[in-house]
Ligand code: GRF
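First, one chain by itself in structure tokens, the form predicted on its own.
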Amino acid sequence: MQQKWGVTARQFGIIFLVFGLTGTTTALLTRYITAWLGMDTDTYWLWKLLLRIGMLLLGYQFILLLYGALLGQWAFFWKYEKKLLQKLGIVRRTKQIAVFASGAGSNAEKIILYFKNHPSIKVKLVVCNKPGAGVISIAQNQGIPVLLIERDPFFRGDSYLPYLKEQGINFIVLAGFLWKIPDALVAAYPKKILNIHPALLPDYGGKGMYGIRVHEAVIAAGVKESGISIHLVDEHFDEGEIIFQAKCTIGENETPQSLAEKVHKLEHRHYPEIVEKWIQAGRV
């Protein structure tokens, strides 16, 4: 149980003490209230049953939080209570997103603003691998914590997985993130990592195909259409299951820069909405 809860031996002892004190206090209060209400062996059984249920559903939970706070374990017991309320359907479970981005963060900003007041989906964290990137300022302006990551811990260490789990991250959304996601992270979040690519996959994807390079390759190929592909992330570059695509035409005098503008508009229009549908549809 100690390992499952992720607590120290001292915390483990205090937590069990809180449970013991709560059970004892609830039992004593139930007896006191029963006597105060004048209930005895002749009282209709249903009234006594309702009192006990009320004490378990309300009194016990309140007393548990009270003792938890008094003994310095409020965070643990509040988390415990929220899980219980979510199971009972009283509190809606919030799905928490980490947005990974490397650059200016225009897609990240659209996602953050889209979910700012969402009832059940929240952008909890922005992860960035580039100090000074524009996405950092965007996150800070919106009051979202930023995790600035380094190459060695990300690829050869724990991939920051313990921190992501500690923050309660349920889904990862890539928004212009230029590093390949390590296999350990893919395994920890199977079908829970989403990416957007500025072309119509499976063409014009793979290692090194990002940003203006993609649009240069599309125009050089002489095709008439380009667009965006939103796909799940697996162990390979741009090879995960495609869940959405949108297209735009390529004009005769199209340049990589003008095509990039068209594609950006598609990204901003569709990505936040597809993220929402993907999470709510339970594709994971």
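Counting begins at 1, following the sequence as shown. As the structure is a computational prediction, the values presented were derived from the model and not from experiment.
Here the subject shifts to the form predicted in complex with the named molecule, a form of this protein not shown in this document.
Only one of 196, 185, 128, 123 lies close to the named molecule in the model of the complex, with a heavy atom inside 4.5 Å, and it is 196. The single contact residue among 142, 94, 106, 167, judged by any heavy atom lying within 4.5 Å of the named molecule in the model of the complex, is 106. The stretch that touches the named molecule in the model of the complex, counting heavy atoms within 4.5 Å, is 106-114, out of 70-78, 144-152, 185-193, 106-114. Although the partner is absent from this view, residue 264 contacts the named molecule in the model of the complex, with a non-hydrogen atom inside 4.5 angstroms. In the model of the complex, residue 176 approaches the named molecule with a heavy atom inside 4.5 Å.
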